[in-house]
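In structure tokens, the next block holds one chain alone, the form predicted alone.
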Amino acid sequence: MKLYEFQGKELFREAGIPVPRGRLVTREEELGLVEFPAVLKAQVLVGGRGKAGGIKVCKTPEEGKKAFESLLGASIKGEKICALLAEETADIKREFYLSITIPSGSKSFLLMGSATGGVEIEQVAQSAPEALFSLLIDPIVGVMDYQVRYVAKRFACEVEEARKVLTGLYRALRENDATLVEINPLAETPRGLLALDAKVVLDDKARWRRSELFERLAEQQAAIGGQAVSVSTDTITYVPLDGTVGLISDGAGTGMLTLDLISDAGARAACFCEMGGLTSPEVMYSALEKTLNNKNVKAIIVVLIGGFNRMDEMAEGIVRYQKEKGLPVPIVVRMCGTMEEEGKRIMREANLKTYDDLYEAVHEVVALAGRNS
């Protein structure tokens, strides 16, 4: 999940990283609450905003109004600008680059820094590779003191200043399950180091344990009319078959067992949809959509065993689908495990029955599919 700059800075602020004072502006009358001089910055999820004219320094309210009118509703790389971040200006002495990410296949975090910030890091790698440095952070011990001192030396800044930003950045990564946290530029100012920009990408697969955070950020994005939250649903495996029962399971083993039980009960599955690994309400929603696209499906059985998966989130996905698109065929849901009671409550309030016994659930869906043929 990509975050807008203002959202990234909220997380940075919570982690103790100094950021400029600012406010989100979506309507012209809100400019009256902005103190000038100020910087108006387009809130988009694509890179190259500065080069595209998406950042304007305004000395007066009149300049602010002119910049607001030119930016809001315009597009950068095809993305419409729905909000601006108005921030206080900063007295910049030098600019740096600092990021932490998780390299593919690595068991450590990768810290990257550059004494040259404010431009794309790929550009720095070509024009001034000596300015770049990288360190591995062991997730068991976190940021070590020698790493703080190393960064302070490369940036020629106070150790405690470097410590505040570096440990804050690491905290923002870990406490929010981010896959990338980046400050570019990190500015040296009379107030100390200041994060003038924020790029944060959260791990969609961690949504199940950061549900409140994801929901809060999604609501913010929806409120400004920006890009919808993107959650990966590519863990689904869909296999079309030749029967009439649509089968959805949260694991391959349970799914195969249920296939056999459907056959023993005298029917055949129309498809086998296995959600795989850790799943979310969005994955359940997508699984129902794939299954119901099969016109041979006369009834659906959803088989869930909550280990890592949460039954309340599975129920949320089913109920949301029912409300938004309706269920054209009967659905039988067997759920047990993590957050089982909450999941059953959500289903019950939506007038959807759940089963504890797998055999009973299978016989019920086979009977319903037969009657609906």
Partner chain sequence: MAVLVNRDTNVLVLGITGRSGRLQTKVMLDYGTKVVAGVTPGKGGQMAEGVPVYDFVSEVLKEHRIDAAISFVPARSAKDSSFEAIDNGIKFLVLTMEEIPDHDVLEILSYAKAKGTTVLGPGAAGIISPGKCKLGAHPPRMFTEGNVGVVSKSGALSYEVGKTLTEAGIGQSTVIALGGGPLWGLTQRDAVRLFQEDPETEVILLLGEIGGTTEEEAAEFIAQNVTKPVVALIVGRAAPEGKSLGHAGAIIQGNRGTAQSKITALSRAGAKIATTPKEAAQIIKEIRGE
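Numbering follows the first chain given and starts at 1. Keep in mind the model is a prediction, meaning the values are calculated, not measured. The term rigid core refers to the maximal set of C-alpha atoms that superpose within 1.5 Å between the two forms.
What comes next is about the form predicted together with the partner chain, which does not appear here.
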In the model of the complex, G317 touching the partner chain (heavy atom, 4.5 Å): no
The partner chain contact in the model of the complex: F272, any heavy atom under 4.5 Å: yes
Non-hydrogen atom contact E349 with the partner chain in the model of the complex at 4.5 angstroms: no
is_contact(K153, the partner chain) in the model of the complex, heavy atom dist at most 4.5 Å: no
The partner chain in the model of the complex reached by all of K9, G16 and M284, non-hydrogen atom within 4.5 Å: no
Location of the partner chain contact in the model of the complex, chosen stretch of 254-262, 294-302, 90-98, 71-79 [non-hydrogen atom, 4.5 Å]: 254-262
Answer option from S134, T189, T237, S127, heavy atom within 4.5 Å of the partner chain in the model of the complex: T237
Contact assignment for the partner chain in the model of the complex, among D138, E289, E219, E158, heavy atom within 4.5 Å: D138
Members of 349-365 lying within 4.5 angstroms of the partner chain, judged by heavy atom, in the model of the complex: D356, D357, L358, Y359
Rigid core superposed: I17 CA moves 2 Å or more between the shown form and the other one: no
After fitting the core, I55 CA displacement of 2 Å or more between the shown form and the other one: no
Rigid-core frame, C-alpha of A38, shift of 2 angstroms or more between the shown form and the other one: no
